[in-house]
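The form predicted on its own is given below as one chain in structure tokens.
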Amino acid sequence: MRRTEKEQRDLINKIKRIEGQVRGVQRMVEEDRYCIDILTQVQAARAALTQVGLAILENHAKGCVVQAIEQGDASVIEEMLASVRNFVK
């Protein structure tokens, strides 16, 4: 199942913000900023990436997985579980 244009646009905007956060972390390291401040920004970027990943997993579960099961392909469940396991590592 494809994402709507709005869902895709929202994901891309979030990813662009994350890209900016990561560039900010790089600048902080280059400027030899206080370690705790850098770690705070790293955690913020990680949290934002997690939110993007969760949105993609949700879309996959509600769309691709449901569609595959309706078509009789239950193997998609194992694929989804493996993806979740990898995502939460």
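Computed from a prediction, not measured in an experiment: that's the story for all the values here. The first residue of the sequence shown is number 1, and the count goes up from there.
The protein also exists as the form predicted in complex with another copy of the chain; that form is not presented, and the subsequent description refers to it.
Using a 4.5 angstroms limit between non-hydrogen atoms, Arg2 touches another copy of the chain in the model of the complex.
Taking the partner from the other structure, another copy of the chain in the model of the complex has no heavy atom within 4.5 Å of any heavy atom of Lys6. Counting a residue when any of its non-hydrogen atoms is within 4.5 Å of another copy of the chain in the model of the complex, the hits in 24-49 run Val25, Gln26, Val29, Glu30, Asp32, Tyr34, Cys35, Ile36, Ile38, Leu39, Val42, Gln43, Ala45, Arg46, Leu49.
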